[in-house]
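To begin, one chain is listed below as structure tokens, in the form predicted on its own.
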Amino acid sequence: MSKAPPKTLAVVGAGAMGGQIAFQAALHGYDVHLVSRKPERLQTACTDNGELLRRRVEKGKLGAEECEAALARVQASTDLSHIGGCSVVLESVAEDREVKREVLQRISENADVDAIIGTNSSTLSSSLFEQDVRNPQRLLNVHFFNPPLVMQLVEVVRGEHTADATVEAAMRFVSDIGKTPVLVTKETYGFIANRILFIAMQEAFRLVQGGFVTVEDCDLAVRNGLGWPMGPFELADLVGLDVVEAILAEGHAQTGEDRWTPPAILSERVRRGDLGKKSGSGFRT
């Protein structure tokens, strides 16, 4: 598969994830088109990430010239036609199947025919969108972790439709922007890190629901026994209990496995509006 000129990237979606992916690539010499329908979202992404990079300069972790060069490499636009000529195009929009389908269709219409197309989805495999992309052998998941400027891992997930050359190019791209790629050779719900995380979280829910341990002691055991930076209930509150429930429900829908079914201890709180940190009440909040 021939490639467009190197070190050119388009990121479609300028939220917290998309914005940081764009600036991470810019730090490593990529010319980046950051695209969003919302001008205010683009402004926020450029302002906030500019502040993050300049803070690194203040702390002596990044040279001033390197910082300013990276900031200059990111071009913000509401026009998706600007992605033409980019060797890699990543979508990083809402974790909603229909939203992603629409965006990937538009990317397919505007990107070069041989540009790699990556979806940053954490739960929706690229095979769900195979019919929405021209030349789908260049489509795969390229899943960054939040926040992308800090977190090292990127899961590169191969679909049955994905060509060898696409996988190889995606792995090179991830390494090229200073991240550590892990190849998931076959699609599975949650991929690797999140699959392990949410199944472990389910076990914590079941232990508390069954009366084996309190929420507080479960978190204490996991922090001190397994070395997690926070316990599963603290983490659920931070992520949002409604988000956790939705992830588990989608896992059940996609796999049909009962172990993904959201437990009553979680769903009851969501129905009451106890969503964790964002609502002011949850398991530990």
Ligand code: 3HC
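Note that residue numbering follows the sequence shown and begins at 1. Values in this document were obtained by computation on a predicted structure and should not be read as measured data. Basically, rigid core = biggest C-alpha set you can superpose within 1.5 Å across the two forms.
Heads up, the form predicted in complex with this ligand isn't pictured, but that's what we're talking about next.
Though the partner is left out of this view, Pro181 does not reach within 4.5 Å of this ligand in the predicted bound form, counting heavy atoms only. Heavy atoms of Phe198 reach within 4.5 Å of this ligand in the predicted bound form, making it an interface residue. Not displayed here, this ligand is approached by Lys61 to within 4.5 Å at the level of heavy atoms in the predicted bound form. Among residues of the shown chain, His143 is one whose heavy atoms approach this ligand to within 4.5 Å in the predicted bound form.
Contact with this ligand in the predicted bound form, judged as any non-hydrogen atom within 4.5 angstroms, is confined among 213-221, 248-256, 31-39, 53-61 to 53-61. The candidate site formed by His82, Gly84 and Ala169 is entirely out of contact with this ligand in the predicted bound form, as no residue has a non-hydrogen atom within 4.5 angstroms of it. Residue in contact with this ligand in the predicted bound form (any heavy atom within 4.5 Å), chosen from Gln75, Asn135, Asn194, Ser127: Asn194. The contact residue chosen from Leu71, Met151, Ala165, Leu207 relative to this ligand in the predicted bound form is Met151, the criterion being a non-hydrogen atom within 4.5 angstroms. Contacts with this ligand in the predicted bound form, taken as any heavy atom within 4.5 Å, map within 260-278 to Lys277 alone. In the core-superposed comparison between this form and the one not shown, the C-alpha atom of Glu68 has shifted by less than 2 angstroms.
Annotation: Cα of Asp242 displaced by at least 2 Å between this form and the one not shown, core superposition.
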